[in-house]
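Okay, so here's just one chain, in structure tokens, the form predicted alone.
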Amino acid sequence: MSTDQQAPEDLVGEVRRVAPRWLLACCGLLAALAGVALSQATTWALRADLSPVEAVAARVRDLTPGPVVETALGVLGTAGKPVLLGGTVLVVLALCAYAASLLRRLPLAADLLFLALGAVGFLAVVTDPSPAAGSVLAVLVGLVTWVVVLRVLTGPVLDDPPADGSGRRRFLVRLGVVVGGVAALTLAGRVAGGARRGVESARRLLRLPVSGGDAPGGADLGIEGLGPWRTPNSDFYLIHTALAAPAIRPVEWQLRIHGRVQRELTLSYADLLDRKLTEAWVTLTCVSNEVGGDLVGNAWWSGVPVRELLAEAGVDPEADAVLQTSADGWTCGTPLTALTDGRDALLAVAMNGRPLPVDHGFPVRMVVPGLYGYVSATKWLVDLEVSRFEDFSAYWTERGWGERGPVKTQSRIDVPRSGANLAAGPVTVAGVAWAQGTGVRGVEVQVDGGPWRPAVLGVVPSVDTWVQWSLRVDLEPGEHRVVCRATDATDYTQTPTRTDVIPDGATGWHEVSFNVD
């Protein structure tokens, strides 16, 4: 054999020298640790109630046979939860280390394992009784971290290092970068979570001069399956672009009013509370609400009328819009008339008699009746610039949505639900309708293509809230289809034409189909 040739066993030795399995396993272990750490940091930063590890551990607990659980509790006592969480992490680390050790023979082994673990984490999070977007995002962060870190660490290990040892130096440099970066991001997530906890604490200590609001008699029809006329804060729909809600203490908050005004104003939180607060029932609707959707809610809001502040600033007669800016940089353009025409457009500080929840804009947000939220309902509001629509572009209008966003007349059937099985005889059909700025004059119901029948409407305090409605119908056994439509005070009646939510809100009749036995 020539001197420049190597025996097969020598080649095997070279491969093992270049990439020993134990070193690849260490890379997998480090990648797994980084993924778990950053998923936990994401959970802290977003103040999600459940981390992916906790979600998986909870599913393991739920799937474990009762006698085994009882035995474990008897042996471990209060240490049961830490042992379960620690065991879950150890299993993940061990699997990742083993899969990485196979990279020479099975290059996709680690990636497939990561995807499987990500799927397990995702299912564990979404099947939790109270799934949260922050927990889902934490799963995604962990999965991406596993894949990226493993490639960063194994690059120098899998490549044949040159004789001068630079491959080892590259590995150590990358290792240092990974460890330092993960440590910094984990600490940042912990700090961000701590800031949120501090804001929550400050919020709980606030005692605002507001009332809880009494729903007018007859507003809530009290029908089983029909949601309450007042939407509790915990059930109010939540839509915003912030990955983590800005953490702003009341003493740190300021609002700047500027632009096309005679005098610029800067207000503190205390300045707002020193003014006379207005309180009103207002229904808010998201432009993304599909026909029959639940992205709508009604609450008792307390705050300072925006028109008073704009009057103090002295608005330029040529202005026709106000650019609102959130603490997280989100913007929207609001028609100036909607803030000055007498409706209860508020700088809201309280919701249903309590300081605003952090996720709903604490300490101050905008509430404007009659406009979809994407052009009006800025959370964590810090800036109002009086301007003209032609002089700016806002977050959603840059993405193809309409410029002014008036809420469209809509109605929805809540009872019965599609697919329900009901007993023959009298059946209650009920739901809600809204036509902000004008008010709902009537709601009609059609059964199986028959004549339209007028529903009974609940009481409402103003044109700015939704109204509950109901109708009793006698139904024979069989499949049935029920449709509703609303007519507002201008005599406009909903049309059956279905349109998408883009660019300025959905239209069409809501219908449900169900069976009567």
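Throughout, we count residues from 1 along the sequence that is shown. What you see is a predicted model, and the numbers here were worked out from it, not measured in a lab.
The form predicted together with a small molecule exists for this protein as well; it is not shown, and the discussion that follows is about that form.
The three residues W253, T334 and E385 each lack any heavy atom within 4.5 Å of the small molecule in the predicted complex.
In the predicted complex, none of the heavy atoms of T154 sits within 4.5 Å of a heavy atom of the small molecule. Among residues of the shown chain, D328 is one whose heavy atoms approach the small molecule to within 4.5 Å in the predicted complex. The small molecule in the predicted complex is approached by K379, whose closest heavy atom lies within 4.5 angstroms of it.
Although the partner is absent from this view, W300 stays clear of the small molecule in the predicted complex, with no non-hydrogen atom inside 4.5 angstroms. Considering the small molecule in the predicted complex, the lone stretch of 82-90, 232-240, 134-142, 112-120 in range is 232-240 [heavy atom distance within 4.5 Å]. In terms of contact with the small molecule in the predicted complex, the residue from G431, P363, P369, G373 that brings a heavy atom within 4.5 Å is G373. Distance criterion of 4.5 Å from any heavy atom to the small molecule in the predicted complex singles out T285 from the list S411, T285, S101, Q436.
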